[in-house]
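One chain is shown next in structure tokens, namely the form predicted on its own.
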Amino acid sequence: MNTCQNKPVLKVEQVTKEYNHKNIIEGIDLYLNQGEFVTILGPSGCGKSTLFNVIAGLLTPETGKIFVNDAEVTGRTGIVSYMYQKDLLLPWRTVVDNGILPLEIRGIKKKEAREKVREMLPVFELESDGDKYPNQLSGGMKQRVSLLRTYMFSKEIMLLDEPFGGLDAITRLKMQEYLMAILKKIKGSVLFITHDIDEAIFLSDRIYVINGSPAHIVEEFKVPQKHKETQAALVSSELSQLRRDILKRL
């Protein structure tokens, strides 16, 4: 993705969040540049989703601040979009009507909202699926719809919390490649959560490794080369050292 502008659209400064008087995450500092794909990589249960909930304004940190385009948004919801591992599609709504939910929340009339979503269907390779219901879609297709809905909420900053974690291995690889293709079209800025090293290396411009108790950023890695295909990322000799270095920090 294009990071030449080097303009931070999101900054997290010294964020600490506790639960039952015990710190879950502590002293977290990170940033996301415009048009960048950044992954937070760490073991399951280490506090990655807690951090996302703080960034999204769903939780208020004990200490620290969140900035979007240099404006403080700590504790404020509705600023960034958030996609969970589960697609959370409403089964009684079609693809289009699931996609318009963020626009409806903003008060946009259904007719106009539907037109906006239908315009985006070809971008997300859903042009023939707009009138289908979730029970007519595969797991991968549901995640495409969920990604579309996430984009309609906020076109600038998207938080993706292990969105492919519930998919089988083959579908997951296809969805990783699909996501990279879509991001080239929409030019969004993405903060991504995973505990899969290969997924992080393939998708990311930079990787923050989070670990410990309480969890904190133990190291930041820059990915030296973006690959066109997932398979190349998995076997690339130039990335094998990066993989070993990341493993040492987990």
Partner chain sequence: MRKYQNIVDRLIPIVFILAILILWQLVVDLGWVERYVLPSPMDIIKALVENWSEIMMHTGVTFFEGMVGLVVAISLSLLMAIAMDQYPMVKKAVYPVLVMSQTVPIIVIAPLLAMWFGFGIAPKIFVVVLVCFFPITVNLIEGLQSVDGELINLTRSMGASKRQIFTKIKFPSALPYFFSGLKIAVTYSIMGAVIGEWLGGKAGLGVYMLRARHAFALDLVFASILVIVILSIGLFYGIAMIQRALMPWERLKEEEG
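Just so it is clear, the model here is predicted, and its values are computed rather than measured. Positions refer to the first chain, counted from 1.
This next part talks about the form predicted in complex with the partner chain, which is not shown.
Not displayed here, the partner chain is approached by Y84 to within 4.5 Å at the level of heavy atoms in the model of the complex. Within this chain, I79 lines the site of the partner chain in the model of the complex, having a heavy atom no more than 4.5 Å away. The closest heavy atom approach of R93 to the partner chain in the model of the complex falls within 4.5 Å. In the model of the complex, the partner chain lies farther than 4.5 Å from every heavy atom of V123. By the 4.5 Å heavy atom rule, the three marked residues S128, G165 and L167 all fail to count as contacting the partner chain in the model of the complex. Scanning E72, E177, E104, E115 against the partner chain in the model of the complex with a 4.5 Å heavy atom cut-off leaves one residue, E104. Checked against the partner chain in the model of the complex, the candidates V218, L58, A181, I186 yield a single residue with a heavy atom inside 4.5 Å, and that residue is L58. Residues Y133, N135, Q136, R149 of 119-152 are found to place at least one heavy atom within 4.5 Å of the partner chain in the model of the complex.
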